[in-house]
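Heads up, the chain below is alone and in the form predicted on its own; it's given as structure tokens.
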Amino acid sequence: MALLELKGVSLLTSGVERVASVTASVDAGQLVAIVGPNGSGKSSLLGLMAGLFTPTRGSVLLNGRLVSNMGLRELATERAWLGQSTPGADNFSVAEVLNWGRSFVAGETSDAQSALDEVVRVFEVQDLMTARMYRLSGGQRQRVHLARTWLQGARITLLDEPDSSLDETGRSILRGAVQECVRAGRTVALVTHDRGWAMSEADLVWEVCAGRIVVG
């Protein structure tokens, strides 16, 4: 059974069909890259996968269950989500923001602390822990939110253009973390404009045009 399934999914908003009759699936341990021009429906498709939108038609299943039937907390333990913006974090410290991700992990075990230490190292935010988010650059904030997302330890991590505000160093850190996550058996689906990286690294590349997956 696929980890995540889209079955004839469509999304209509403001009279515009953002996603049109998409059927596709993602298996555990895969990296899926979603590519295509601006306005093609990539983010809408990812939002349906994350349960942010209710399909106009069709269904989205996560581990065999309808995403639309899952409560917010249950959904957050099964899938991690990072959109193009994360409002409301500016006045918090980096350590506090990372704790948002840890809140979905039960207990304060040594394993949880080890996971935090590892993620802080991987995303190179060791020296930022006491800083307030509003004092960070856009790329630094993005690395913090990526680290927070990783800390959820969800079955599938969904990222909407996670590399858009990163410099080359930040992109290298992200790519390494994605590959490490997939090697550990977790699943990642992301929207990206970096076709070269997508073609060379992803297990599946979904080319989206006019709300449909035309290649993939």
Partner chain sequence: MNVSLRGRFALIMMIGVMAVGVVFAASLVTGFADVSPQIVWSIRAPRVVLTLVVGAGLAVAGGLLQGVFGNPLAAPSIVGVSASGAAGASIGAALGIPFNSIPLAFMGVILAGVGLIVVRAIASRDGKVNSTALLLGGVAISFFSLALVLLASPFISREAGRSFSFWANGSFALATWSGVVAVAPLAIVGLVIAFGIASRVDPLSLGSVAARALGVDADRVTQYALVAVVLLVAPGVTVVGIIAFVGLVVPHALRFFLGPRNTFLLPASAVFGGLLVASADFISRNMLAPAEIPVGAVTALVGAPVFLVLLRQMVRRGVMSI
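Numbering follows the first chain given and starts at 1. Treat the numbers as computed from the prediction; the structure is a model and nothing was measured.
One more form of this protein, predicted in complex with the partner chain, exists but is not displayed; see below.
Discussion item. Is residue 96 part of the interface with the partner chain in the predicted complex - any heavy atom within 4.5 Å?
Written reply: So residue 96 counts as contacting the partner chain.
Worksheet item: Contact between residue 114 and the partner chain in the predicted complex at 4.5 Å, heavy atoms?
Response: No.
Discussion item. At 4.5 Å between heavy atoms, is residue 131 in contact with the partner chain in the predicted complex?
Written reply: No.
Worksheet item: Counting only non-hydrogen atoms and a 4.5 angstroms cut-off, does residue 126 reach the partner chain in the predicted complex?
Response: No, no contact at 4.5 Å.
Worksheet item: Which one, 166-174, 46-54, 179-187, 25-33, holds residues whose non-hydrogen atoms are within 4.5 Å of the partner chain in the predicted complex?
Response: Result of the contact check: 46-54.
Discussion item. Residue by residue through 143-165, which ones have a non-hydrogen atom no more than 4.5 angstroms from the partner chain in the predicted complex?
Written reply: In sequence order, 145, 148, 152 come within 4.5 Å of the partner.
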